[in-house]
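Next up, structure tokens for two forms of one chain, structure 1 and then structure 2.
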Structure 1
Amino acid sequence: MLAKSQAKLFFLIGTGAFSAIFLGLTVDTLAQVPVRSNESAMTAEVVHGKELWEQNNCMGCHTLLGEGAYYAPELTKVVDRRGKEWMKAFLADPNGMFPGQRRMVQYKFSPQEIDALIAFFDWIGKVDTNDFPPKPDLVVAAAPAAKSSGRMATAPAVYRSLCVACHSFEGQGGKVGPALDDLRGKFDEASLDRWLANPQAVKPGTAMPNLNLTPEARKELASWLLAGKGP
């Protein structure tokens, strides 16, 4: 049995020690926030993206850092998962990316607004979340194959981030559009460039979306797609 004075001492020392530990941990956490939240990368564009995120109630369907609604995919790591090029095309026209299959809202974002949203996602994706979310919550058909070999290994970055979502090459990729292994019978550099610049103009009603590719990207794609084994 503790005497009354011993019990008092026990209480005081115990409370004092644990309060000190608690305060120490609080100070330590607060000191880590600026580093872990990636605060220095929070540009005006990132802030604008966050405003768009709030104004358009994206959280009514999506989660970020686990917070929001569980109807649509968690978006904290969406830039890692999908890549910026893919996101640009998707946010401009979600249905174009998945003809007739998707429920993501078609917003009328300007290219600047899309860039701001992507900057915001890029920033939040770099927040140190102790590896949250634990693993990709989506099986991504569009993910570039881990081990690509042959010509797929030399595919331009824009091909890997955008075209693989819908097309296959050497057996890897999506099945929304036709395989692109051998286009040499159908296209030359000029006609492929016209197609990539504006599929609708070449074939009205086509399900291939206009991906707003830069002339450089089109040139790189065309020369890669048309190289290799011919007829």
Structure 2
Amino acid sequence: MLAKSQAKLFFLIGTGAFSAIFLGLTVDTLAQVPVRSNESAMTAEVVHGKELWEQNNCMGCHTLLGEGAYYAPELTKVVDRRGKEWMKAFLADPNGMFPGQRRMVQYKFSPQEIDALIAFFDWIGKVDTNDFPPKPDLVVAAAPAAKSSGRMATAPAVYRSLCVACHSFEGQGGKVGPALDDLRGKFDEASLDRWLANPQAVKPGTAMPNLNLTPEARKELASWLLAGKGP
């Protein structure tokens, strides 16, 4: 058993040592804040996006960095999950992409406001959060297939900007929807065009959104997807 003087000395030394450790960790944390917070990339557009986020009470449904409501998806890494072009189409007309399914309010954002919101989400997605939230399944960084035909190099712009957020081709793309490497026996150009024009009309309740593609974009996409179709 320690004597009273020894116990006092033990307390003082322990308190002093752990106080020094705490102060050292605090100083180290504060020194890392500018880099880990992505402060250097905070532009006026990013700030405007944050203002729109607050003005429209987006946190009433969504979370950022784990804070907010859990009614709607977590948006810290939404740019990684979906991509900027997909987000532009969705924010412009949420119900148009998912008719009768989404409860996302139509805020009637202007193109400039949509760009600002996406800039804000892109910025916050690059904040160092020690890998929070976990890497999403919808990333566009899947490993390429061992045998590549090189067709990805000729993919239409609409595929590279929108479809790739959910689908993969030759191992590259999202994981939420089926891979599109081989559509033989499933579609011809006419049936694929009907599907792309209005997925809900072909298969009610499908998770496939209506991307509101122009006839020209649908034709180009269908021709590319079916280019390698066998007999």
Ligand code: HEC
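Just so it is clear, the structure is predicted and the values come from calculations on it, not from any experiment. Throughout, rigid core stands for the largest set of C-alpha atoms superposing within 1.5 Å between the two forms. Here, residue number means position along structure 1's sequence, counting from 1.
The second of the two standalone chains is derived from the form predicted alone. In the core-superposed comparison between structures 1 and 2, N38 has its Cα shifted by less than 2 Å.
Core-superposed comparison between structures 1 and 2: CA of P178 displaced by 2 Å or more. L192 shows a C-alpha shift of 2 Å or greater between structures 1 and 2 [criterion: core-superposed Cα displacement of 2 Å]. Aligning the rigid core leaves the CA of T206 displaced by 16.4 Å between structures 1 and 2.
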